[in-house]
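The form predicted alone is given below as one chain in structure tokens.
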Amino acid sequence: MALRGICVLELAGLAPGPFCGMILADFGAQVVRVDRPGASGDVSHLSRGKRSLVLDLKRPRGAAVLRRMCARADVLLEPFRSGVMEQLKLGPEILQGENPKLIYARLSGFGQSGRFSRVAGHDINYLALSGVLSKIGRSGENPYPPLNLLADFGGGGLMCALGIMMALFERTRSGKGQVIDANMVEGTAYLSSFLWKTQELWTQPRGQNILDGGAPFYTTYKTADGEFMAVGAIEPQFYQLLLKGLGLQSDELPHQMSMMDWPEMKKKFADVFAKKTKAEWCQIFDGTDACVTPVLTFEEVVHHDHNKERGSFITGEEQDVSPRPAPLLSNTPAIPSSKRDPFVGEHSKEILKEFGFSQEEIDQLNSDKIIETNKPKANL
């Protein structure tokens, strides 16, 4: 796999950090999740392919263990607010001083500087501060976040993984690691570059523009069975195929781009879509360029013919289903682990042994509760 031989230490956190670590693990990196003592379980649910070490970083001896591990690691991924790692004496100056090749990835909400850098937040807050949230929502309604996908996983975890990959590539030339300041506000803002550079598309209030649900040819419609179809027929030739499938005549309708007529056109389209079931509309539009697709549920998406043909979803040993890692590389594709996620502290002793700790040292760390172990009980 592409990242075979890369060692990553991921300090446990929520959502974006674990997702970033899972991407690296899916593509072959050896990822160690460093959990906190007393953790009842992995709340991220994004630990595929990782191993778990419980280590008390708030105690100097625990911090010393991580320093020793970082001397051998390629990447450290930390999800804390600005200044936390420095308080633990685990800042980049110290760790990179001992290992100049270390890539020190800092994934936070607001970044390592600025007045918000030390305050708490969640996806919706980062989305709001990026400016993107102001663009999302129905006409006349409050802005609303698209779940916690954009800031946590797009602008956060995925952007951080990209930064790590670039730093690993650059290291092949300079031989040196670097610090990555990945944060969800700026990551999400960067994702929205298209919005900034096409402001002529967003002249109307939220929810009344061509790509935010305002256009009758770029929105969703309810079907006779209470399901939904998604319509994205922007180009004129695709729009004509949409009308053909709906049984409508273009010369009996206002011009496609007549924005003042969009509300009435949406009502007309909605009335037509409401007369057939989702399955019936699929029969009409599947295989055409009308840009009309069913809105699939998680239960349906796994069984859709296109996804089945491509193997887009995978099943783990506990019969849990999840998306296959993307993108698909021709020579070194991801081979995601099919095993269950690790228990907190399941691999503490074996990890330390691999990092050069003696059995005596490991036993002492365990006795002093610097580390914790949690081997699964055998099923008898």
Partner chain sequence: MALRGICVLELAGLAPGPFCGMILADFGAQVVRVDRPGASGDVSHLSRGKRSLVLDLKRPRGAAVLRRMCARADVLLEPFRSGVMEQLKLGPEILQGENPKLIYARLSGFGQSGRFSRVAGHDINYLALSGVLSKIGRSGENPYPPLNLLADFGGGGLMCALGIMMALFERTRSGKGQVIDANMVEGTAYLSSFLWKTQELWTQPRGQNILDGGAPFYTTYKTADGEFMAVGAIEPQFYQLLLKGLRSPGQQRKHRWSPELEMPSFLLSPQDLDCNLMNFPIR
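Positions refer to the first chain, counted from 1. Since this is a predicted model, take the numbers as computed values, not measurements.
Just so you know, the form predicted in complex with its partner chain exists too; it's not on screen, but the next bit is about it.
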(message) Test of understanding: in the predicted bound form, would P342 fall inside 4.5 Å of its partner chain by heavy atoms?
(response) no
(message) I6 versus its partner chain, in the predicted bound form: is there a non-hydrogen atom within 4.5 Å?
(response) yes
(message) in the predicted bound form, does R67 come within 4.5 Å of its partner chain, counting heavy atoms only?
(response) no
(request) Considering only heavy atoms, tell me if A63 and its partner chain come within 4.5 Å of each other in the predicted bound form. (result) no
(message) Can you pick out, from S258, Q249, T203, N142, the residue that has a heavy atom within 4.5 Å of its partner chain in the predicted bound form?
(response) N142
(message) Looking at E235, D181, E264, E280 here, can you tell me which has any non-hydrogen atom within 4.5 angstroms of its partner chain in the predicted bound form?
(response) E235
(request) Pull the contact list for 288-308: residues with a heavy atom within 4.5 Å of its partner chain in the predicted bound form, in sequence order. (result) T288, D289, C291, V292, T293, P294, V295, L296, T297, F298, V301, V302, H304, D305, H306, N307
